Structures are given as C-alpha cells and as structure tokens.
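Below sits a lone chain in structure tokens, taken as the form predicted on its own.
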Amino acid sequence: MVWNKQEYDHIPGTYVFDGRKSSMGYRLNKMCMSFNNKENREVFANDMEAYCRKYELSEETTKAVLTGDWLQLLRLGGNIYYLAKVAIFHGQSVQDACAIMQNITTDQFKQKLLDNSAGIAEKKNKAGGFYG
C-alpha cells in the first residue's frame, strides 16, 4: 500500500494516528487489545517478551514495550488508548506516560491539562451544551 505524505507529517512532536500508523502498529495494538482478557494480562505479566513474540512484534517494538518507551511506541504506530493498557504493567497511568513523553513530571502534565481546559465549560454552554 502506498501512503501519501500529509500536511501533519511535519508538525514537530506530533504523531497523528492515521491509516498509515494504524497499519504500522496493527500487531502492537492487537496485542494491547488482548489485555481485555484477564488470562492474557497474567500471561503478559509473567513474560512480556514472550508475549510480544506471540504477536510477532518487531525487535524495535518489543524493546519499546519492555522499556516503556511511550514516545517510540507512538512513532511505531501505537494508539495511545491501547498503550495505556501496557503502561499499567509498568505501574504507570496514562497521565504518567504522557508526562514522560513530554519530559515533564506527572504533576506538571496534570496542570498543563487544567491550564488548557480553561474556558471549555463556557464554550460548551454557549454552544448549547455541545462541543463544536
């Protein structure tokens, strides 16, 4: 399959989860979805590397999973919502993982979210209760 370059490909620090990324990260994201099953979570927790091999992840992707390299996993096509399932095995929340990706503390990341949310409630009320 041929993927055309997109305008957003060159936005610094941005990894848009589009069709290309979805295709790149299919095996990784499929593995993450398997964690919906309790038995699979236990098998992964017992031997993460073997579980990655079961899903035929590349060496690069496996290394990123094992080390919790969230930014690299995004680059390799990981979907942030699925990666949250892996973060739990590293004792981290989604906010922890996002803070690591931005090289800031979790508290700084939480504050950033609060700062960026200023005015959203008023906007929503003006729009009749919907985001638009």
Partner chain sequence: MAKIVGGITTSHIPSIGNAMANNLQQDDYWKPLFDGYGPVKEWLEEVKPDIAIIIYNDHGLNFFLDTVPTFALGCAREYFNDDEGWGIPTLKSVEGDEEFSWHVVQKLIESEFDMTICQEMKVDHGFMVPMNLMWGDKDTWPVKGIPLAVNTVQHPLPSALRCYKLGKALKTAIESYPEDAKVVIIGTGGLSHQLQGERAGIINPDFDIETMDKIVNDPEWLTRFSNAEIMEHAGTEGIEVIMWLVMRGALTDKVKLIHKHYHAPVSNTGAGILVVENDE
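All values reported here derive from a predicted model rather than from experimental measurement. Definition used throughout: the rigid core is the maximal C-alpha set that superposes within 1.5 Å between two forms. Residue numbers count along the first chain shown, from 1.
Unshown form predicted in complex with the partner chain; subsequent notes refer to it.
- For the marked spot (C52, S58 and L76), a heavy atom within 4.5 Å of the partner chain in the predicted complex is absent from each of the three residues.
- When the partner chain is considered in the predicted complex, N116 lines it closely, a heavy atom lying within 4.5 Å.
- Taking the partner from elsewhere, N40 is found to have every heavy atom lying beyond 4.5 Å of the partner chain in the predicted complex.
- Although the partner is absent from this view, Q95 contacts the partner chain in the predicted complex, with a non-hydrogen atom inside 4.5 angstroms.
- Interface residue remark: H90 is not counted as part of the site for the partner chain in the predicted complex, having no heavy atom within 4.5 Å.
- Residues from 54 to 68 do not approach the partner chain in the predicted complex: none has a non-hydrogen atom within 4.5 Å of it.
- The rigid-core alignment places the CA of N116 2 Å or more apart between the shown form and the other one.
- Superposed on the core, the two forms barely differ at D18: its CA moves less than 2 Å between the shown form and the other one.
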